[in-house]
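This document opens with one chain alone, in structure tokens, the form predicted on its own.
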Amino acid sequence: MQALLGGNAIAVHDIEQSLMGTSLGMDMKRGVSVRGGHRHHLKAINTICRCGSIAQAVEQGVLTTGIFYECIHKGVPFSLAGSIRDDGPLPDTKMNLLEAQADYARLIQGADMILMLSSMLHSIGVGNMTPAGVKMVCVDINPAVVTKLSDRGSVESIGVVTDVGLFLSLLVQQLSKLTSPYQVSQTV
């Protein structure tokens, strides 16, 4: 993975799940509301703010799991573009959208494929700045998002209308087959 592009929300939801096991106050294992859980996303934001950044939260041992932990741990750059509706936002979120757009453009340079997952505004924005020849796969439950990206005239764009959670679980299954010891021994 070359880079991760998204908004404040993907990081906040990931960090809340990592720190408290919830997303917007819903227990991710049991699928039920947690008492006082509606404040968890703000607690997650405040925790990262106290640390100074997502990277500093990882360095301090506060954030030990999740997507953004893995990005920091494995050196995968990320860019978070903010919006007026963001809670917080996190210290890593770029609220100057011209800076965020320039950062996105820098991070997609040299990409062979861009996987766009369930973020309409970010997917359309990245799709509009992606040069011809880059394969794009847009996965969204909303057919309008997939159609919008397909309508940009790119033959490299593939749209999948489905729940992103289902798509990711199937993707993980397929990728694990490619990296299993059995598969490796068969190709050697």
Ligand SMILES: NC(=O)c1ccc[n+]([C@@H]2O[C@H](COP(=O)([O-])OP(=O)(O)OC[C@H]3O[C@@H](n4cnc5c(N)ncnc54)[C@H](O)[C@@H]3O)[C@@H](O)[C@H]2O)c1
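In case it trips you up, residue 1 is the first one in the sequence shown, and so on. Everything quoted here is computed from the prediction, not taken from an experiment.
Only in words, not in the display: the form predicted in complex with this ligand, which the text now covers.
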| property | result |
| --- | --- |
| T147, S53, T162, T65 - the one with a heavy atom within 4.5 Å of this ligand in the predicted bound form | T162 |
| Non-hydrogen atom contact Q101 with this ligand in the predicted bound form at 4.5 angstroms | no |
| H122: touches this ligand in the predicted bound form, heavy atom cutoff 4.5 angstroms | yes |
| In the predicted bound form, M28 touching this ligand (heavy atom, 4.5 Å) | no |
| 4.5 angstroms heavy atom contact with this ligand in the predicted bound form for I158 | no |
| Contact set, 74-112 vs this ligand in the predicted bound form - heavy atom within 4.5 angstroms | A81, S83, R85, D86, D87 |
